[in-house]
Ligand SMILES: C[S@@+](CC[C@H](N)C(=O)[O-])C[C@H]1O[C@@H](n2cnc3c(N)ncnc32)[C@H](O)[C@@H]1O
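Shown here is one chain on its own, the form predicted alone, set out as C-alpha cells.
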C-alpha cells in the first residue's frame, strides 16, 4: 500500500458501516459527552478528575437508548474511575466491573460504596485529627530516587507523615474516605503534573512559606473532603457493583454466559499511554505498589496499548488482513520513534479481540456492547481503531449497529500536518454492537 491509497482505504472501510455524525470539521476536547470534564457536575463523579474517562451524561444517554431497567445487568471490563458503575448504581441497575490498575479500582470502590451518616461523621473526626499531626516527625524516605524528587523536601516529609497517619488507622469506611481524599491531592502538592504519557515538572510549582507545607496539604485535603461530604445522600443505596481488580481478559471466569444486557466501556486507546506512569504518584504513595516488579506486573496484565514493556506472547493466532497485510507493512516503512509500534498495535487488537469474544459469550441474545474509543496516528498513518473493532466484532458474531462519531481529536502539530487531508478519520467514536 502507498500513502496515496490511504484516503480510498479508509473510505472503503467506512462505507461498510453506518457511520453517523461524520461530517465534523474541527477538533475539540470540550462540549462532548465522552469528555470526563462534565463529571464535575455530578455528585461522586466529581471526586477525582480521571481524565481518561467519559462523563455520566454519556452513560445515562446510552442506558436510556437501550432502555435499561433495574432488572438489567451492566458490565464495564475497563471500569477506570467507575463512571459506568456509579451511574448504574444511582439508577438501581446491577453492574460488574474489571480494572487492572489498583488505584483506579480504589477510586471506583470508594465512589460506589454505601455510606451512613455515621461514616461521614467519623470521616470528619479523622480529618480533624489529621490537621494536628506533627509534620516534621522523622520518616524513612522511599527507596526510590524519583519519588524523593516529586515533592520538595519539606512537602515530602509532610506527605510521608500523612501517609503514616492514615496507614495506622483501623480499617473502616471513614479511613478509606480519608485515604481517598488525600490521594486526590497528591498531584496538586507535588512538583510534577500529569501530562501526556506520564509526569512532567510544573512550570509553577506549589508555593508556601517555610514551615507551612502541612497547612497547604491539609487545606487541599479538606477542600476535597468537603465536596465528598456535601455529596453524601442517604438515598444513594443502589446495588453496589461487583468489582474485580483483574484484567478484562478474566471476564469469562467471573461472568456467566448469557447474563449481561450491556457491556459499556472505554478501553485504553492505542496511543502509547502507560497508565502506571501517569498514576505513578498515587500508585506508590497510596501503597498499591511497592516495587518496580509490582508496577511491571500491572503492565503485563493490561492491554498492549503502549511500548513501555516487553510483552509476553499471547493470542498469537490473531490476524486482521486490513491491519496486518495493509496498514502495518506501510507503517513499518516509516520513521517511527520506536520500531515496536507495529508489534504493539498487533498486540492491542489481539487483546481486544479476546475481550470482545468473552463479552459476546456473556451477553444475552439481543444484548449490546458500546465501546468508546479513539483512533490514533503514527508517522502520518491513521489507525482506524473504531473501524477495526467493528470488523473484529463482526467476525465474532456481533451485528455492527452504528459507529457514532463524538468528536475529532487533537494530535501533535507534526501528526496534524501529515494527516490534515484525512482529518475526518482522526476521531473518537462509540462503536455500537449487538449480539
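Numbering follows the first chain given and starts at 1. The structure displayed is predicted, hence computed values, not measured ones.
The protein also exists as the form predicted in complex with the ligand; that form is not presented, and the subsequent description refers to it.
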Fill in the blank from the handout: In contact with the ligand in the predicted complex (heavy atoms, 4.5 Å), from 129 to 137, 167 to 175, 329 to 337, 242 to 250, is stretch 242 to 250
Handout entry: in the predicted complex, the residue from 123, 98, 151, 106 that sits within 4.5 Å of the ligand by heavy atoms
Key = 98
Exercise for the section: Taking 4.5 Å between heavy atoms as the contact cutoff, choose which of 197, 292, 144, 301 touches the ligand in the predicted complex. Expected result: 301
Practice task
Examine residue 42 and determine whether its closest non-hydrogen atom to the ligand in the predicted complex is within 4.5 angstroms.
Solution key: no
Problem - Non-hydrogen atom contact residue 50 with the ligand in the predicted complex at 4.5 angstroms - result: yes
Practice task
May I ask you to check whether residue 54 falls inside a 4.5 Å heavy atom distance of the ligand in the predicted complex?
Solution key: yes
Handout entry: Proximity of residue 267 to the ligand in the predicted complex, heavy atoms at 4.5 Å
Key = yes
Practice task
Using the arrangement in the predicted complex, list in sequence order the residues of 70 to 107 with any heavy atom within 4.5 angstroms of the ligand.
Solution key: 76, 77, 78, 79, 80, 81, 82, 83, 98, 99, 100, 101, 104
